[in-house]
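Before any questions on how it binds or moves, here is one chain, the form predicted alone, in structure tokens.
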């Protein structure tokens, strides 16, 4: 039962009301539902019970089939009541119960009677319910009524029919598409809501026909839309047409731009804003096109309505990312918003000002932000911190005041994510602005003196170990680091020991003092701390004397592990103890596991004893085990890389075939994964005949046919080629699937004895330069680049010709080289005219390669690129340039 509202004691402070549904139980409500069967119905009581049932349904309470059926039949009896309020509750209940097909028949006649009623409220709701619960067969019977309802004079009825059409389009599109004429007529309605719903439905009907959408937009942009909501929809559809036509038009004029600009003078604020936002989001928008939109958004900034101020400042915030100069005219208005009562508006105003402000306004903004930061939540503070970081990178000379601001807020109260954002910002500034290094490191040292987050303390200690020894006076950081050994938990103490060891390795003059501190750590009560201290004391050597640390020790302390930990763990598990020591070079370096190598026909999955055996294993380790178990390939040596499966057939064909390219030092093995999708056939002696006439450096040396390929049971056939050892040979291979086909008796499942030879043409396959490159990322590209050295660096410039965008050029080069993008540099900001992309990988022969790509637009569409390569072998550096030059 729903408990009545309880009067609270006068001395209680909280004024929260109790929910009228508090303590409601399904069993009790189902008992109450018997009131629906009373001869004399009480509409008010029945409405209350339906309300409770609806509440239970919407809270996720599940009704059994029997319970739902009983409630449904009881509710249908309420159609005899003439109470309008109760009738509306009945409609809602039927919609929520979603009766089954055999139960729908019970209410269909009542609903169809209501649909032709003289009461408009009955008609509108009956249409909504019928369309929600009906199937295709009943829909054809009531289609005539629905068409009439679409053009009904009553806007409530017309809107109900149109909204129902939008829902039905998902399940019965062929029926709804026949209503185009009526919907077209409804678009001209004088009722605002009808026009809005009609336009939405008409666009959905035509959305897959680009020409029809273009005609619709063209006809409506001439001024026949009165409804502000419909006008907003039209603006969105117009933006879509502009985007799609941008690729096809060669002229400088943008179609429909005049319509969008005209909407900026509309009397409805929502239309003005929608048009302004659409203009700012146009691809390649120019400053001239932006100006009118920025002007109206500037007016909204001084509006008395918070929602308009918020909408305007959020849009300007996005524009500032790509066109900061266009937004500078609004800076004075946005400065007044810093003190806005709505903290969301104030935060957006601050971050926009930080993006658009000039060097002279930085100090003034910092003063305003200092007063503002204490009033906002952590999520807003994080946005401000990220904006300050961008500003500091933009104006490096202001790093002192901005760094001081970050260090001040770092000492204030705040959650983990907020503190992490500040620490990350300081770290980035230290890396990118050399003058900020020493002050930034000291700020971080002061922070870990009173840091409550273990993760941040260990991260800062690790960073100190990398950057601290390179400063002018490394000894001043030792005190802060050693304090952690006494005052922190075991995790932080272990991190502090590693950091001390790095100082000892890099700064020979500090080694004696570091030895003293590490010897004290040997008596720590945590075994990890003791083990690390003992390891580093033995590794550093020299017994604490001032001697130069060996390069192998520095590499051990500072070198990054370029092998995925999961792969290392699996290799250690598979290692069998023997006289031969474990070789870390044998660990696969692929970042990801391979996807499933076979392709199955959809919807045809036998189960039980007749189910096919599992497909081929999918990881690099499993591929290697599979290939080494085949005698023909056992002597090919260590597998370097296995590609992702490449489809050689189209979807839904008789035979599904894809291929995995296995790259060895002197061989390439093609693994063809085949699936027979015809139940009445058995394929035997399946082999792929490969023509390598367009791959001159390859010679076929072995093949392994597939003896039998039953229906929907994936199998593999292999072809191996020899190639020059260590050379990234490329070529094109044509493929023909040959087999003996035998008919299968569907009743017995047995195949005939005699078969017929047949063949099936497959798509061509290419071995490209990217197949000889492993995607292996590095955690810190800058450090890896510097430690690689410039001995084998090769730099050259290339013209990439006309491209659709800078992003398209970046993706093309990444795919050509097959390397791993680092630090998110594969993402190109919108409307950017230059971009730097960082790539890393391992070339065949286990040679580490790092690439720095600098792109720039040379003219309106032409892209120029500067390519810098560093590797462990000059031959490999030259090879990367050859790949780009020939690609």
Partner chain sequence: MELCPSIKNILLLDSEGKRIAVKYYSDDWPTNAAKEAFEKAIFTKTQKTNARTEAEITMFENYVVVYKFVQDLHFFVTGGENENEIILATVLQGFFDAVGILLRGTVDKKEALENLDLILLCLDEIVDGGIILETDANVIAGKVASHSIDAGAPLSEQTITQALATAREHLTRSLLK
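Positions refer to the first chain, counted from 1. Worth saying up front: this structure is predicted, and the values here are computed from it rather than measured.
Just so you know, the form predicted together with the partner chain exists too; it's not on screen, but the next bit is about it.
- Heavy atoms within 4.5 Å of the partner chain in the predicted bound form are found in one stretch of 491 to 499, 325 to 333, 377 to 385, 665 to 673, which is 377 to 385.
- Highlighted residues 463, 571 and 658: none comes within 4.5 Å of the partner chain in the predicted bound form, counting any heavy atom.
- Note on contacts: among 344, 76, 735, 214, the single residue with a heavy atom within 4.5 Å of the partner chain in the predicted bound form is 344.
- Put simply, of 480, 72, 785, 310 only one has a heavy atom within 4.5 Å of the partner chain in the predicted bound form, and it is 310.
- Put simply, residue 64 is far from the partner chain in the predicted bound form: not one heavy atom of it is within 4.5 Å.
- When contacts are judged by a 4.5 Å heavy atom cut-off, residue 51 counts as touching the partner chain in the predicted bound form.
- Contact annotation: residue 306 falls within 4.5 Å of the partner chain in the predicted bound form, judged by heavy atom distances.
- Shown alone here, residue 368 lies farther than 4.5 Å from the partner chain in the predicted bound form, counting heavy atoms only.
- Contacts between 37 to 76 and the partner chain, taken as any heavy atom within 4.5 Å in the predicted bound form, involve 44, 51, 54, 55, 58, 59, 60.
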